[in-house]
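A single chain comes next, written as structure tokens; it is the form predicted on its own.
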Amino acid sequence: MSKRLNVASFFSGCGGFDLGFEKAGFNIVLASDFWEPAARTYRRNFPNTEFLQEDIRNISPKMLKDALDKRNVKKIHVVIGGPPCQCFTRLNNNNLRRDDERNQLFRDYIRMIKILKPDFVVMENVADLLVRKDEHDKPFRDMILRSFNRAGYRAKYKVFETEKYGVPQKRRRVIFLATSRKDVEITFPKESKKISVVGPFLKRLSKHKNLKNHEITINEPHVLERIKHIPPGGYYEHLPDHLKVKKMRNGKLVTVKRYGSYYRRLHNEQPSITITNNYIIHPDEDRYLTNREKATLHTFPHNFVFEGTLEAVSQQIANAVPPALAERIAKHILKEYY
């Protein structure tokens, strides 16, 4: 490759998507996000990227031009981003109303594409998007494909199982890949036969001292007692009955059931459950994972520093595209199309 190809990023968050493309050799020239903690994290780790801390609905063509002129950038080759996914997850019960603004932010993502006219577009979201419909029973999947088409882009999508792409985590994400080029067939990187697991990734942290974002949560005695009774790979349902939550229902004391991630302990020889803002128990120690450990299982390098409160950092990690997955996609684009 005679020159580095330029990337513009939207809904950038702390920069997981961007980091993967940067590691593959792309030049991240422009990024944007509205959330202050993520913006501070991004600026710290990508000092050479022009960053717009702005609601995407307010970003104008002039703002984009001025930002790119500051970096003397004439051409954007690839646009990447993941419009908010909370409205599409199966945990959401808002019936995907049109008045939920998050359902429609992908339209502003398409608007950025019309302005910048990249060769390729990569869009990430939760896999549940593929089966979700609006209140008129129209699949969001089809609306997105039509929106790409109207903008002059052919698009295909694929559901990625991240543990097959170098990420030690069971995380299902749909990737839309779109192009304005007529001379190429849209394809996706092949999955690995090797499944990435927790143990080797957490072990890497033992080689480093004074790590940032590595604060350990001190638990109440009753929480610690429960944690001690969870076996590797187990969760709340594996607790002895006397440690499970009890409630009165219809005059009877009954044991409360919990979902599968509640009091979940990881297993060194298995992928992690999906990293969210919830607590997850360390596979070997009787405590919850630190944010640095979560970031490691998300494939962020140990020197990537997050800004904000403990909760804000945890949410940034949960929201991010795993850099290892992004790098695989970026390398595929370079190999196949450039």
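Owing to the predicted nature of the structure, the values given are computational and were not obtained by experimental measurement. Residues carry their position along the shown sequence, with the first being 1.
Although it is not shown, the form predicted together with a small molecule is what the next lines describe.
Participant: In the model of the complex, do Phe17, Phe34 and Val321 all put a heavy atom within 4.5 Å of the small molecule?
Facilitator: Yes, each of Phe17, Phe34 and Val321 comes within 4.5 Å of the small molecule in the model of the complex.
Participant: Taking any heavy atom pair closer than or equal to 4.5 Å as contact, tell me whether Asp66 reaches the small molecule in the model of the complex.
Facilitator: No, no contact at 4.5 Å.
Participant: Using heavy atoms and a 4.5 Å limit, would one call Gly82 a contact residue for the small molecule in the model of the complex?
Facilitator: Close contact exists here: in the model of the complex, Gly82 approaches the small molecule to within 4.5 Å, heavy atoms only.
Participant: Verify the contact flag for Glu269: yes if a non-hydrogen atom of it lies within 4.5 Å of a non-hydrogen atom of the small molecule in the model of the complex, no if not.
Facilitator: Taking the distances in the model of the complex, the answer for Glu269 is no, it never comes within 4.5 Å of the small molecule.
Participant: With heavy atoms only and a cut-off of 4.5 Å, decide whether Asp55 touches the small molecule in the model of the complex.
Facilitator: Looking in the model of the complex, residue contacts with the small molecule include Asp55, since a heavy atom lies within 4.5 Å.
Participant: In the model of the complex, which of 22-30, 55-63, 287-295, 269-277 comes within 4.5 Å of the small molecule (heavy atoms)?
Facilitator: Result for this chain: 55-63.
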